[in-house]
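Listed next as structure tokens is one chain, alone, in the form predicted alone.
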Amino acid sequence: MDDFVSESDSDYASYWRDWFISSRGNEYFCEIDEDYLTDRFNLTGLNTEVQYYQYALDLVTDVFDLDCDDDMRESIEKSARHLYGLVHARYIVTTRGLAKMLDKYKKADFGKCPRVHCNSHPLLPMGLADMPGSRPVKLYCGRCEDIYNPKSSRHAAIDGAYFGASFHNIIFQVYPALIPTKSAERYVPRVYGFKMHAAAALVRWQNGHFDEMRRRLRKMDVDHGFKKDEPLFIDDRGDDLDLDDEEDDDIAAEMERFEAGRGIVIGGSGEAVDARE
């Protein structure tokens, strides 16, 4: 905005879109074709989403000629940026918009994946929601299929709704040749060059699994009877758990599979029997 303080109103209006695209922090946006902006069908419903809608549209389409004070101008400018972002989310899923975003993707204008095993694969901007003002923009990597925060605080302040929650998937549907080969490399924990014992990871998983199971049982007001350090399938009285609905049956099946792996089965009397004896 400071670049145009000394310019006349006509120059300011004529270069608004060029100024917006070239401004620092707006590198993720592509330029929307004027024909798309002037087609009222493409703007359906946005008049209720944007304050000073008509003035903002005039500014974006380079026909703004209202003589107003600085405060009013600033409000219209803010509305124009919001309007451009909302239209941008619609434009980038069109044929022309996808092609423009593809060019930026190939040049890695959106950044590169910070994950080491992705080998600096280009990222795509995405939103976690289509509702404006709900979540900021994130970056999606097609190789590891994970999302990341932008490095720059300027980019992190962009509304994710300006890109939408579907664009990053649509572009791979339209250009299937872009779908990258998934990275099979994974980090292997080591101590002095030796791999961490697999049993330790299994125990951690089992402990977490049983902690989650306890929470679910507690939420259903089921007296699980598990000891704190040595969880069992049966309660302290030796009675089977009262598992009568579908969710409880799933929990029981998980517990049976786990206990069977440890060599413990449930006898007819409801007591735990060591199957290895």
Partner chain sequence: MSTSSGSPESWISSFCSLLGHEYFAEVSEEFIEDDFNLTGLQTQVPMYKEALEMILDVEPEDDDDDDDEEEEEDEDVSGDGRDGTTHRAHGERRAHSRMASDLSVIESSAEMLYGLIHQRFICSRAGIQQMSEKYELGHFGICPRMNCNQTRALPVGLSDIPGEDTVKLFCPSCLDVYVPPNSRFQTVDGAFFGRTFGALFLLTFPEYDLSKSGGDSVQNLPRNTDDKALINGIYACNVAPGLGPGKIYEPRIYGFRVSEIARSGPRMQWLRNKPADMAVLNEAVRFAGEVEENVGTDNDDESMNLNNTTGRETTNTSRRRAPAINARLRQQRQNQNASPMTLDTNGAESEL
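Bear in mind that the values here come from a model prediction, so they are computed numbers and not experimental data. Residue numbers count along the first chain shown, from 1.
The protein also exists as the form predicted in complex with its partner chain; that form is not presented, and the subsequent description refers to it.
Chemist: Quick check on this chain: which one of Asp33, Asp223, Asp62, Glu49 has a heavy atom within 4.5 Å of its partner chain in the predicted complex?
Modeler: Exactly one listed residue reaches within 4.5 Å, namely Asp223.
Chemist: Which one, His88, Arg73, Lys138, Arg81, lies within 4.5 Å of its partner chain in the predicted complex by heavy atoms?
Modeler: None of the others qualify; the residue that does is Lys138.
Chemist: Considering non-hydrogen atoms and a 4.5 Å limit, does its partner chain approach Ser134 in the predicted complex?
Modeler: Because no heavy atom of Ser134 falls inside 4.5 Å of its partner chain in the predicted complex, the answer is no.
Chemist: Is Cys68 close enough to its partner chain in the predicted complex to count, meaning some heavy atom within 4.5 Å?
Modeler: The answer is no: Cys68 has no heavy atom within 4.5 Å of its partner chain.
Chemist: Give a yes or no for Arg190: in the predicted complex, does one of its heavy atoms lie within 4.5 Å of a heavy atom belonging to its partner chain?
Modeler: Looking in the predicted complex, residue contacts with its partner chain include Arg190, since a heavy atom lies within 4.5 Å.
Chemist: Do Met126 and its partner chain share at least one heavy atom pair within 4.5 Å in the predicted complex?
Modeler: Taking the distances in the predicted complex, the answer for Met126 is yes, it comes within 4.5 Å of its partner chain.
Chemist: Does anything in 173-202 come within 4.5 Å of its partner chain in the predicted complex by heavy atoms, and if so which residues, in order?
Modeler: The stretch touches the partner through Gln173, Pro176, Ile179, Lys182, Ser183, Ala184, Arg186, Tyr187, Pro189, Arg190, Val191, Tyr192, Gly193, Met196, His197, Ala198, Ala199, Ala201, Leu202.
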